[in-house]
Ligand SMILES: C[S@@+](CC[C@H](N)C(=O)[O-])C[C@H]1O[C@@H](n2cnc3c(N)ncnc32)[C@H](O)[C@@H]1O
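Take a look at this one chain, the form predicted alone, written out in structure tokens.
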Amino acid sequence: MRLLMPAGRPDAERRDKGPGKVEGVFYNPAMRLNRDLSVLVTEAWAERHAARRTDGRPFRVYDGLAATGARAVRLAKEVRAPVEVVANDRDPDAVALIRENARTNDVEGRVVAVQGDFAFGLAGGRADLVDVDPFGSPAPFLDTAIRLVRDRGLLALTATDMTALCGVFPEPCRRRYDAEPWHGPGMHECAVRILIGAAVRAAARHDVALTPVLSHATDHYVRTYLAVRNGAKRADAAVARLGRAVEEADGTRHVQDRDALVPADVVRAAGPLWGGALHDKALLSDLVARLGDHAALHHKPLSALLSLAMEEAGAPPLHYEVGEWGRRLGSNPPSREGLFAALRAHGHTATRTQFGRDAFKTDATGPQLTEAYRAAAQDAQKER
């Protein structure tokens, strides 16, 4: 894909870190993985849509904050299913750039560039996938996005306000997401769950249920894809899966019912947040199968993310880190593999997770984890 920037120079999808602005139109090269994954997810959902429809209506995507149109053009060009992408931005320079990028990539018939506020970019219509990818928090767009997405559709949310979601500055998290953040080891998973929880509560006000089918925390942002179903009972069921993340004095982490009393010895707590699964294993298997058919994607990071998501899909919420447990016990940490072996030998589950290189999930309590950790550390010492 050739992506034109305002100065007219071609600008390929680079591997730079962090966001970038060129003459006022926002472009973030570090979102390559985000856009790569969008191609796979959109294709999978569009094919499901086509299997249900008999009227031939194409799968409609609404990118309400499209900027350069990088995502919109890629979806139109790379998704191997009939899609129509409405790319909206309120900046007239961005809209002109979207149209030029669509022409440059021969997809102008499938990308409709619109200038307007996010709420009015679909001109009264609705979409099968609504993507909210702002610079900062998606919270101001949630109610509108939920009204714009069709039943059985998909809502995609990106949040880059990590200092709020991870509790560096808790006040913005309370204000934007009506939730108490978690600061310290485990905060990135809680950030994802707070975002999902805020979306679930916003949707429930419209008698709409949201269920995450794929979620991840990568670099400076979190991203979640939420399946949409209409109905008050479904919305009630989704809200019932909200809870509060707690860490007890013995180190045990779990999600409790949000109406339960917080124990007096809790070290930290966060929420309300989503307490259910972050991924749908059937979708993950589908995405892995599709990956080899898309030569333009960066396969290695995508494959790694999907593999870790598959592994953690059935694991309990909230994770630990090998290093932090070593600091807690004042000992040199064993390898993660050694700790896993000790946990499994003691009858517990142990899985890797996407939330850190030495992060893991287990059904062990804090004391049980301590016992396994010490056994693994002793084994590691003997091997030395």
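We number the residues from 1 along the sequence you see. None of the values given here were measured: they were computed from a predicted structure.
If you look for the form predicted together with this ligand, you will not find it shown, but the lines that follow are about it.
K.L.:
May I ask you to state whether P334 is within 4.5 Å of this ligand in the predicted complex, using heavy atom distances?
P.N.:
Contact check for P334: no, nothing within 4.5 Å of this ligand in the predicted complex.
K.L.:
My question is simply whether E189 lines the interface with this ligand in the predicted complex - judged by any non-hydrogen atom within 4.5 Å.
P.N.:
Taking the distances in the predicted complex, the answer for E189 is no, it never comes within 4.5 Å of this ligand.
K.L.:
I'd like to know whether D178 contacts this ligand in the predicted complex, with contact meaning heavy atoms within 4.5 angstroms.
P.N.:
No, D178 sits far enough from this ligand in the predicted complex that none of its heavy atoms falls within 4.5 Å.
K.L.:
At 4.5 Å between heavy atoms, is D91 in contact with this ligand in the predicted complex?
P.N.:
Taking the distances in the predicted complex, the answer for D91 is yes, it comes within 4.5 Å of this ligand.
K.L.:
Tell me which stretch of 247-255, 189-197, 266-274, 83-91 has a heavy atom within 4.5 angstroms of this ligand in the predicted complex.
P.N.:
Contact-bearing stretch, as computed: 83-91.
K.L.:
Just to be sure I understand the contacts: of V39, L318, A46, A70, which is the one whose heavy atoms reach within 4.5 angstroms of this ligand in the predicted complex?
P.N.:
Answer to the contact question: A70.
K.L.:
Quick one: from D133, E78, E312, D128, grab the residue that has a heavy atom within 4.5 Å of this ligand in the predicted complex.
P.N.:
Filtering the options by heavy-atom distance leaves D133.
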